[in-house]
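The chain that follows stands alone, in the form predicted on its own, written as C-alpha cells.
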Amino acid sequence: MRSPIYQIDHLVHRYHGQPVLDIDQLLIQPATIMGLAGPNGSGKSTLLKLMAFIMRPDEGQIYFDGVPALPFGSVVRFQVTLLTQEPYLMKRSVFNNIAYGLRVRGQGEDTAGRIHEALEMVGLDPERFSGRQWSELSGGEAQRVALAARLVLKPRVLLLDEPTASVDAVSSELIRTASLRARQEWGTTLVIASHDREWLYDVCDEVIQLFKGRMTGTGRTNMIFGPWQEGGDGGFHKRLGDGRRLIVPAPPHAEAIAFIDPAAFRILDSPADPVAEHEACIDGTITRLSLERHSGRLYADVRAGSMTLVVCVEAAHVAAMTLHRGWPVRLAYRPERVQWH
C-alpha cells in the first residue's frame, strides 16, 4: 500500500485564543480526491491553508510524503498549490499571471506552449486571452485564469476552496472539468471544500464532514439546525412547513445541531404501510436520485416542507426500481437514532 501524501496528527489551530480546528488524525492517499463538507465556520478554509503550508498549526504535525513539513518549506514549496474562492491576480496580463509560477520555479522551457495548454484546459482561447489585462476579465474568467496559473505547474496537490461559489454556470463547469483532468492526466491529489454536496459526492473518493472544527464522520449525513420546539406530549420537534414535523429526542441545549444518518430512514412501500412501534414519519417528494461512485449506494433527496433530507435507498427498492424523481414518499425513522452535537 502506498504511503499517504498527507498525514495529519493531533492538529489544533486557534484564532484569538479560540480553537477553530481540532483534528486527531487524517490520512489522504496520493492521486485521490478528498472532499470537505460542512457549514460556514466549520474549519474547511483553515484546514486547506494549513495543508497548503501557508500557516503553521498551533499544535500537532502535518507530514507530507512521510516527512514533517513546514510553511513555505522546500519539501512542499513547489508541490502544493491552493485556489481560493476569490481569485487573486497580479496587476499584469493573463500571460504573465500564469507565467509567474513557472519563472519562480525556474521552469522557463516552452513557457508559451505550457501557458496555452493551461488556458485551453480552463476553456479560454489563448489567442484572445493571453494578452488581456487582469482588469479586463469577468469574475468567472478571472477564476479560470487563477486555476490555469496553478494547473500550468502540474502540482502534486491541488487544494480547492469553494472554487465555483462566485462564478457563472459555464465557468463553474469548466473549473470542475479542468480540476478533474489534473488527477486523470498527472495523478494530482485533489482536496475540495465546497457547499455543493452533490458535486463532492459525485467526484470524491471520500468526503469528510467538518463541524465546529472537528471531524464528525465521513460520507453523507443530514445536519439539521433548530429551533427545536417542545410538544404538548413532552417530545421535541422541528417544524418543516406544510404541517410537517421532524420528531427528535430532547436536545441537550437550545443551539444543539441534529445529525441523522441517511440509513436511519426507510422508505415505506406505500403511504398506507404500517410503521413500527416508536417510529416517526415524514411525508416528502423525491427530488433527486444519485449513485455514490465509490460505494455503489443509491441515495434519494427527499424534499419535506422547507428541508431536503438525504436517504439511503434500501436494496429492495433498488432492485424493484420503484422510486422516481417527483414521486411522493413517506419516510419512517426512529427518533432515538438522532445524534446531537
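So that there is no doubt, residue numbering starts at 1 and follows the sequence shown. The shown structure was predicted, so the numbers you read here are calculated from the model rather than taken from an experiment.
Only in words, not in the display: the form predicted in complex with adenosine-5'-diphosphate (ADP), which the text now covers.
Colleague: Ok, 39, 68, 305, 30: which has a heavy atom sitting within 4.5 Å of adenosine-5'-diphosphate (ADP) in the predicted complex?
Modeller: Selected residue: 39.
Colleague: Does residue 329 make contact with adenosine-5'-diphosphate (ADP) in the predicted complex, using a 4.5 Å heavy atom cut-off?
Modeller: Residue 329: no contact with adenosine-5'-diphosphate (ADP) in the predicted complex.
Colleague: Although the partner isn't part of this model, could you tell me whether residue 57 comes within 4.5 Å of adenosine-5'-diphosphate (ADP) in the predicted complex, counting any heavy atom of the residue?
Modeller: It does not: once adenosine-5'-diphosphate (ADP) is placed as it appears in the predicted complex, residue 57 has no heavy atom within 4.5 Å of it.
Colleague: Given that the partner is absent here, does residue 23 sit within 4.5 Å of adenosine-5'-diphosphate (ADP) in the predicted complex, heavy atoms only?
Modeller: No, residue 23 sits far enough from adenosine-5'-diphosphate (ADP) in the predicted complex that none of its heavy atoms falls within 4.5 Å.
Colleague: Looking at heavy atoms inside 4.5 Å, which stretch does adenosine-5'-diphosphate (ADP) contact in the predicted complex, given the options 291 to 299, 273 to 281, 309 to 317, 41 to 49?
Modeller: This holds for exactly one stretch, 41 to 49.
Colleague: Enumerate the residues of 12 to 33 that have a non-hydrogen atom within 4.5 Å of adenosine-5'-diphosphate (ADP) in the predicted complex, in sequence order, or give none.
Modeller: Those in contact are 15, 16, 20.
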